[in-house]
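In structure tokens, the next block holds one chain alone, the form predicted alone.
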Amino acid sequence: MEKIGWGRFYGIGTGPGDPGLLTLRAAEVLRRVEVIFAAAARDNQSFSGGVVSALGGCRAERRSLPFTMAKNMADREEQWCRNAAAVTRELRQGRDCAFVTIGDPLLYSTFTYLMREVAELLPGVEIETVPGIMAFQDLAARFNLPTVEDRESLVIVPAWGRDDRFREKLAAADTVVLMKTSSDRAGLLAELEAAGFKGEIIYGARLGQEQETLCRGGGEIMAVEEQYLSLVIAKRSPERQAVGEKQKLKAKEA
């Protein structure tokens, strides 16, 4: 059977950007594999690759894979196939390979497309996903903001393509995470207000990196520059304040 001698393929979540949030399992695998693939960013720099560069003891060969965001799905699929072919060439030679991605490999990640194509080209290949900390978890932690409690519900929604389905998701959530809020921020805030989100609202961009931005409240959010790697967490109930905010209020009262 041709499978004998194939390498194993790993999808590695590197977290939101801070190398300190890389999991022990991810570090173990990255130090052991022979080839590490990463998606090339818009400026030809890989955010996930930057996290790997900060990891000591990683001696793997590094490769960049381009991923197009073309509106034509056929163009995207063609790029996925080319990238999968590059990975499978290494796997066929018995080399263990990893594809690194910011956040988690199975949530709004290019790894999911690559994984399917690799599995189709090499049926039976061993694939392991190593989960990563999501940006919204990091952002909530910065403000000590409980995302959900008791019977509350959390919804993660891409900020683009706002339509009736988008509004239905907002209507069903107690807390909403809006991913990639790089455009029409005023429109997004208006949508949240119309959906009844009157509680906490926090914003983060390029978390864990030198250019990171953190702010809370609609006014502060509107004042900062729009960035690609950004997100918003909004809570419906004004009674659910962040712990840090409560401490500030108590200090003022004292």
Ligand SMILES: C[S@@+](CC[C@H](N)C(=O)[O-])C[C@H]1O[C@@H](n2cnc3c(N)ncnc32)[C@H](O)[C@@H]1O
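Numbering starts at 1 and runs along the sequence shown. Everything numeric in this text was worked out from a predicted model, so none of it was measured.
One more form of this protein exists, namely the form predicted in complex with the named molecule; it is left out here, but the text below deals with it.
- The named molecule in the predicted complex is not approached by residue 63, whose heavy atoms all lie more than 4.5 angstroms from it.
- In the predicted complex, none of the heavy atoms of residue 86 sits within 4.5 Å of a heavy atom of the named molecule.
- Contact annotation for residue 100: none of its heavy atoms lies within 4.5 Å of the named molecule in the predicted complex.
- At a distance threshold of 4.5 angstroms between non-hydrogen atoms, residue 180 is in contact with the named molecule in the predicted complex.
- Note on contacts: among 29, 52, 36, 207, the single residue with a heavy atom within 4.5 Å of the named molecule in the predicted complex is 207.
- When you look in the predicted complex, the only residue of 134, 130, 170, 118 with a non-hydrogen atom within 4.5 Å of the named molecule is 134.
- Note that among 184 to 192, 53 to 61, 215 to 223, 199 to 207, the stretch whose heavy atoms approach the named molecule to within 4.5 Å in the predicted complex is 199 to 207.
- Taking a 4.5 Å heavy atom cutoff to the named molecule in the predicted complex, the contacting residues in 91 to 115 are 102, 103, 104, 107, 108, 109.
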